[in-house]
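In the form predicted alone, a lone chain appears below as structure tokens.
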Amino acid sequence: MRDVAVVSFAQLPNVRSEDKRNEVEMLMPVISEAIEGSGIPRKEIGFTVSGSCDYLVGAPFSFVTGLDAVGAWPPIQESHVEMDGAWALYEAWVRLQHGDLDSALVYSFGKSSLGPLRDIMVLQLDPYCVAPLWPDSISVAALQARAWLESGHEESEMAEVAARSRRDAKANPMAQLSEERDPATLLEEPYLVSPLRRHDCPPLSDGAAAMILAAGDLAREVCERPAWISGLDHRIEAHGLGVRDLTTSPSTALAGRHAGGTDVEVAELHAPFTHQEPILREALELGPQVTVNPSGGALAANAMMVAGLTRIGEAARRIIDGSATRSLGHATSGPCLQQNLVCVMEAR
């Protein structure tokens, strides 16, 4: 396999229903920052791929508008996935394995404030047996949380995740800040959808992120300490919620094994709900020595279609800035951790 590395990453500050800019206006500064940070001239980037969701905008092929932020003339090699930007990263990595190109731009954007996201996410469910019941996304997550609690866990574990995420997010200028509170105080809050309280759920975020990948000698030339992708894999669970164990994540475990996700120092896990972090930690066999979500995680920044790419970007940043030698980025999509991607990066 060809050596490919993350050499640059940029993101917008995550905001809650406050960003009045359109998608192009959101993307332009982020893409420019990522390209300038990579040291690769814009015209020399060989491949461009994006991740977004037409449902949010309410128009077919809305991702085409986003290309105005990239500059598609002269013609460029471009692709798109109707998924989180982490899956666009996977496509870019595969494209660079072909050997005829040496660099790629990956970006994603999402405005959760455009509609009632809790209801929109119902469209991901089984259209015959589940979607007609119209269970909103938080209620579906609450079913998973209840099953997890009944498997031998306590709500205090969820509160500890929320408290740590709020504390760590204070050091991240891109995160949405919430008042820092101790776990005992958080447990006094009322339920939003039992057993989930508001702090157990992700914020509504608008955001965008961009990343530059480079292969081989080009990565070494433009970046002093590239985040080399040593393993990358994604797997999926059964669509029906009733035919799988919601308290575990076999797809994450399988993706982690194929990506070689052991002996990492930092792990950025895309866990939109507090109970999902310990499920992912167990699936990836992350011990107490691993620092999890030092950025605050998805509980502090959860722009739809962006949060997964952001987790990988935050993990890559730890390699590039020298604070870690081996890190793991995880992304999820669908209800109850249905689809999972694991990307392991290292310094060499």
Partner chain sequence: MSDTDTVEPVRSIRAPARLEYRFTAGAAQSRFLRHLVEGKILAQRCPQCGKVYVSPRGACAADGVATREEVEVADRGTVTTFCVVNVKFAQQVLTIPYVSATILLDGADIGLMHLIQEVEADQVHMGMRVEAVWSPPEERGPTLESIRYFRPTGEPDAAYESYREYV
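As the structure is a prediction and not an experimental result, all values here were calculated from the model. Positions refer to the first chain, counted from 1.
What follows is about the form predicted together with the partner chain, which we do not show.
**Student:** Indicate whether Phe47 is a 4.5 Å heavy atom neighbour of the partner chain in the model of the complex.
**Tutor:** Contact check for Phe47: no, nothing within 4.5 Å of the partner chain in the model of the complex.
**Student:** How about Thr248 - does it come within 4.5 Å of the partner chain in the model of the complex, if we only consider non-hydrogen atoms?
**Tutor:** Taking the distances in the model of the complex, the answer for Thr248 is no, it never comes within 4.5 Å of the partner chain.
**Student:** Looking in the model of the complex, any heavy atom of Pro41 within 4.5 Å of the partner chain?
**Tutor:** Close contact is absent here: in the model of the complex, Pro41 is far from the partner chain, nothing within 4.5 Å, heavy atoms only.
**Student:** Is Gly58 close enough to touch the partner chain in the model of the complex, meaning at least one heavy atom pair within 4.5 Å?
**Tutor:** Gly58 belongs to the contact set for the partner chain.
**Student:** Which among 248 to 256, 71 to 79, 156 to 164, 197 to 205 is in contact with the partner chain in the model of the complex, heavy atoms within 4.5 angstroms?
**Tutor:** Correct option: 71 to 79.
**Student:** Does the partner chain come within 4.5 Å of a heavy atom in each of Asn22, Asp119 and Trp134 in the model of the complex?
**Tutor:** Looking in the model of the complex, the three residues Asn22, Asp119 and Trp134 all sit within 4.5 Å of the partner chain (heavy atoms).
**Student:** Heavy atom within 4.5 Å of the partner chain in the model of the complex: which of Ala215, Leu114, Val140, Val193 fits that? Just give me the one.
**Tutor:** Selected option: Leu114.
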